[in-house]
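Okay, so here's just one chain, in structure tokens, the form predicted on its own.
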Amino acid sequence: MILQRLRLRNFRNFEDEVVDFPERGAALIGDNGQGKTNLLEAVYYLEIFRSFRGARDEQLITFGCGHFRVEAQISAGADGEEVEVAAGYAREGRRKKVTVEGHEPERVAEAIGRVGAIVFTASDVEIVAGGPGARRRFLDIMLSLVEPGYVTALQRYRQVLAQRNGLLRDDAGPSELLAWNAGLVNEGSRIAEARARWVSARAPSFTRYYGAISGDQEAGIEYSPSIPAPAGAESALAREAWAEAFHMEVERLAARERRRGVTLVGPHRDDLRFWVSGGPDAVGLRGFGSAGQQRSAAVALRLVEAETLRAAHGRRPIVMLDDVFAELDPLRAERVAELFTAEDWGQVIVTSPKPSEFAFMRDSLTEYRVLDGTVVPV
């Protein structure tokens, strides 16, 4: 995928800016606070129609304005189709409008993933070192982009979960809860099966990328569901096996849930475990990993995400790196650089306050200066 042109109106500190991007990519240079990350945020907003920084839509509007709009012209390679993806949000009425080639889909979820972008940030380390919510969010966003029906199942699950938790707080009886259990199990098992299948398929890639970054240290990822994982389920029967395991756990915990007033099992309590070899045993990266190991795992995970998008869509994603190399020690940064030069990742957009931090890419990337919401070629 190639980002050809991006237009920003009243988005963060960009009042009205148009940027044309070369096919190979761009290096965005500028001091902190000038708008480098805001520009990447705008591109990725058109991928999932949410801020990757967790900001609400109204927080993305330029101060003193009532709305923002972002437009991108995307091409699927030299001979591929071109598509325009746009999104806007108005403070009045809290209205979000998304269009693809000028047409508004019935649901925003139908338009996600059209840009084909992935963003690496320094805060990605929180996926590894932070709480389980960050890891579930990673899985949900990534699987929503590549797994048909995942985002619908996730939305339905959250709706059922909210209704069921409300009944539990109101001390509802078993017969009232029974009506919601089927939806919880049906949608929840769909989510759990997709998560487990992805982790199983991509764990070897994570190990390979982590080894390349760390200098051949062994590491891995494991799915840690709150539902007891069904043993030996064949792929054709995996969904049914997860549903049966979920149903049994809901029944087992029924009395405890009524006492606690909350749903105690399901994908909303899942986790993703990162481990690294430490002598004879593996140790968890979240609790025992060094800062360098945690950052290496975060970069490896994003590389696996990029690999997943490429496999699902048959196209190389737009890769955006937001000041990532500054957070790595020189040796790990060099190894990450080698990964990006050894494999053809397609269009790459890098940000940094200092050009020297991505000198290895300067021969292939056009440099731009970002200054107070304006972008100009160097």
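Numbers follow the displayed sequence, beginning with 1. This is a predicted model, so every value here is computed, not measured.
A second form of this protein, the form predicted together with a small molecule, is not displayed here; the remarks below concern that form.
In the model of the complex, the small molecule lies farther than 4.5 Å from every heavy atom of Arg315.
Mapping the unseen interface onto this chain, Arg50 falls outside it, with no heavy atom inside 4.5 Å of the small molecule in the model of the complex.
Using a 4.5 angstroms threshold between heavy atoms, Gly33 counts as touching the small molecule in the model of the complex.
Shown alone here, Pro353 lies within 4.5 Å of the small molecule in the model of the complex, counting heavy atoms only. Just one of Ile61, Val348, Leu328, Val70 comes within 4.5 Å of the small molecule in the model of the complex, counting any heavy atom, and that one is Ile61. With the small molecule left out of view, the stretch that reaches within 4.5 Å of it through heavy atoms in the model of the complex is, among 305 to 313, 61 to 69, 42 to 50, 331 to 339, 61 to 69.
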